[in-house]
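As structure tokens, one chain now follows by itself in the form predicted on its own.
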């Protein structure tokens, strides 16, 4: 049974320390349901993407908690955790439930409240997505892990520090027009390169911020949409998911993300498209180097050529392969469990022609969501309706 997105909603990303996951998730879930003309009692399931609830908020068992918060306490509910890819994994499970015929209407949402803790606590909590024995105990944090990947990539392909900074400049410029974005200030290459070092060669503006936020979409079968006379905002053309070794040293290369490549190929096959058919993409740019490697994993660029996208303007909103017109994780923010769903909310706006950074004639859109340093990845391809 084909799946469609009936509606979507998202909070602003940024500091919501005065709120709670219950409030943030409730806000977007009820907004999405109301926008679709549905109520919580219409849902067959509530799926929640969340990574750090039990680490930051001392709150586990998020599924029933949040289903109850939106007025669906008896609806089947579950939390999906796949580190920073929790949102993408949650959406894929909703799609699979629809396609299998197990459900007709699923709320797929994500939420994260990170600013309740200081940066040391947040960094320690995020490190749960890395290999405890071989990475955390050796002193590696995620900035350090991505710095190792960046150093290797720059060595292999003669890419400069300024080339990586161009990714941050592009995405921060895109975030200026996005009212949901955490940062709305343009940066220069010099500001990125000269910002506070965090793990050489990466500096502060090469990294996404600590963010709070929630996003939700209502996924329904085409038959359900027709029977309820709904007006879907996007069709689900294909999804893919893959995994890899958790620790960097167990992979064949640390300058590649093969799990994302496999997820992309699976999504392309299911959708019946190639990367050349994609009009706009939201990719997981937790660090500048991550966007470069994402472009290559998706097949948009050959190995070693991904940095050219931002440097030459090819990944700009008016470029040949627009990437992260939302501002991406670097500019819009990264509330971990919500990010993958938030990417989809942004893309439904592109497909409807109402995005603040609208890509001309966008008809096929791609979302790429990664957990950790690439040990889990999802790719989703949406089409207009």
Partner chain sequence: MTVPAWYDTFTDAIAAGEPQCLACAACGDASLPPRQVCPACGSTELTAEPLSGRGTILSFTEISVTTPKFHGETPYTVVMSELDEGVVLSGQLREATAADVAIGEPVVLDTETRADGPALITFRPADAEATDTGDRDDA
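Keep in mind that what you see is a predicted model, and the values were worked out from it rather than measured. Numbering follows the first chain given and starts at 1.
Not pictured, yet referred to below: the form predicted together with the partner chain.
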Each of 119, 134 and 199 near the partner chain in the predicted bound form, meaning some heavy atom within 4.5 Å?
yes
So which of 261 to 269, 213 to 221, 85 to 93, 141 to 149 is the stretch with heavy atoms within 4.5 Å of the partner chain in the predicted bound form?
141 to 149
Listed residue that, although the partner chain is not shown, lies within 4.5 Å of it in the predicted bound form (heavy atoms), from 189, 173, 180, 254:
254
Ok, 243, 123, 184, 274: which has a heavy atom sitting within 4.5 Å of the partner chain in the predicted bound form?
123
Should residue 248 be counted as a contact of the partner chain in the predicted bound form, where contact means heavy atoms within 4.5 Å?
yes
